[in-house]
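Just one chain is shown here, as structure tokens, and it is the form predicted on its own.
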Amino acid sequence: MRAAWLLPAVLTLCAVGLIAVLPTGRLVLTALFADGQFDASLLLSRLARGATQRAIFNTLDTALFGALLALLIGAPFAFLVAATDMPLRRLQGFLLILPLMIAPQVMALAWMHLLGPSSALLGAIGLAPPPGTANPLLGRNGIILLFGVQHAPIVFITLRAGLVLLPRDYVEAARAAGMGPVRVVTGVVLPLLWPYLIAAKALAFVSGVGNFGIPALLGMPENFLTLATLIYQQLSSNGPSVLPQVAGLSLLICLIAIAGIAAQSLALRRVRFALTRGAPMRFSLGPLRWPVAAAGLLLLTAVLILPAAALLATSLVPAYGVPLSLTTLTLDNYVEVLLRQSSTVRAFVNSSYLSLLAAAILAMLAVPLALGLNRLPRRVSRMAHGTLELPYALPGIVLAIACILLFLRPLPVLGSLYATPWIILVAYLMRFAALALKPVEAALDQLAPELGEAAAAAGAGPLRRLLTITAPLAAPAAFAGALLVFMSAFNELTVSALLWSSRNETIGVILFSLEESGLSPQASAVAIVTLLVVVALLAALDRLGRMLPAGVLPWR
């Protein structure tokens, strides 16, 4: 019996160590140790440089103000969707989640082509800024604006989770005492939600610290560098010779992100109200129901639909700066990137099979890993969970540097993974393991233990119970987790920007390269194709929604 418990526990801890402890430990060793001795002099000298200090300030500045803007956008939507009778709540929740599923570089590209001087969309109606005008999104303010839009879904999901748990009794008691709706919200709901507000702000801040796609497109042309883009610039210019220096910068990002995650965890521990099992709290908007819904749809149209329309318009013109009209409309950019241009075709193939492999491997590992974590002692299981989520919570640029350090030298049996597509696959497995695990854990929590006990009483061993009972029942959740992994990996840029090599480009990398080369219509065509793939996968996930445990899909 002891051996039967011990083997899965050891295998589970080994998996957690390989996925999470190994890359983080390698990064710390390189940044703080030299020849086996603790030596922080290299890191300190790096921190003393003006460029590093400016990058640190820019990172904190944009992440803090971006998180504040995300709070201003996401919080009202969370309240209206979760706690009022506003019409079209599910549609608005679904639309607000979209920026979280869209790659940051695609979001940045869409906004640049909406407001830029050569906007094909605005040019079609004669409103494009004059040629030669600077794009208003380049630099600090544009980065903060897009951080706010991109990270508003994080605020929405976090606050919505708190609102649906808020005891209805507290609100009804306040209304019975004569308090109006406004006083109930400001005097009862907001104080109870305060820990969730802090947690949402902290999560949005951490996401801003690690965001690479938006600062790369909006900051680098103006030499406005954050820590993530400074690392990319240093490594792209000097190659692996600067790994010890950029490892120190990565460790700094890591520490800032961990501070934000700790603030979020501490805030949620202060939640003191009891969970409600009854009907959720609901406010009636009365005659304002439809005007409020219309205002919400108008805002979502402005921040999501118009940029997407601008991206589509740019992809349908023959050259950058040409206004869209019936005479200029062409599908040639799509033919070029999907059929003619070998690098873009290769990027679609590479991203597709790497994402599929990562999704399939993690879907197969998720059920035994979740079972193994459940069988660990509670304190060990909690630590293992936190460790496993670290590669997903930390900025992708940190994981990319850690993977380079791990796989730069040849490994026994495997050889060298550096400059091969397999290093990207390993990074995807590390980064998205937590994403695949969550739906499966939620599904296993809802399985009746009597099923396994009855099978064991009938003589079925652990492996047979896993294959005939647990795995089939958890399969829809594992499939949903695989779709989330595929969607996240398919057009990601932050990890693959540092790990790609010749003939191993991914979609995120090729999109960034096309835009940097001035081939904006082709970059827009690539972005539109990835958007269509993401929307199709979201629709598939939504169809699966009824078969999944509550909370797996944040918009349902």
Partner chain sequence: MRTLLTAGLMLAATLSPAWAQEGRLVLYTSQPNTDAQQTADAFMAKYPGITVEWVRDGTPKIMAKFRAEAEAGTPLADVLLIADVVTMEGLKAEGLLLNFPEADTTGLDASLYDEDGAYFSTKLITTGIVYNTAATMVPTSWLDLTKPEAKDQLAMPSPLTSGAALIHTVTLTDNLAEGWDYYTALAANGAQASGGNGDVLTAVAGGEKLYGMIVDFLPIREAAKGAPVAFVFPTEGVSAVTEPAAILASAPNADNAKLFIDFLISEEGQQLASSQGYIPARDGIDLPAGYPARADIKLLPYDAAAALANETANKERFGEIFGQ
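Positions refer to the first chain, counted from 1. Take the two forms, superpose them, and find the largest set of C-alpha atoms that agree within 1.5 Å; that set is the rigid core. All values derive from a computational prediction rather than experimental measurement.
There is also a form predicted in complex with the partner chain; it is not shown, and the following applies to it.
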In the predicted complex, the one of G461, P472, P240, P291 near the partner chain [non-hydrogen atom within 4.5 angstroms]: P240
Contacting member of W194, Y334, Y418, F94, with respect to the partner chain in the predicted complex [4.5 Å, heavy atom]: Y418
Candidate spot S118, V322 and Q522, all three touching the partner chain in the predicted complex (heavy atom, 4.5 Å): yes
Options 524 to 532, 64 to 72, 35 to 43, 496 to 504; stretch whose heavy atom lies within 4.5 Å of the partner chain in the predicted complex: 496 to 504
4.5 Å heavy atom contact, L268 to the partner chain in the predicted complex: no
Touches the partner chain in the predicted complex: T301 (any heavy atom, 4.5 Å): no
Interface membership of E222, the partner chain in the predicted complex, 4.5 Å heavy atom rule: yes
The partner chain contact in the predicted complex: R346, any heavy atom under 4.5 Å: yes
Contacts with the partner chain in the predicted complex, stretch 512 to 530 (heavy atom within 4.5 Å): S513, L514, E515, E516, S517, G518, L519, S520, Q522
Per-residue C-alpha change between the shown form and the other one, P130, threshold 2 Å, rigid core fit: yes
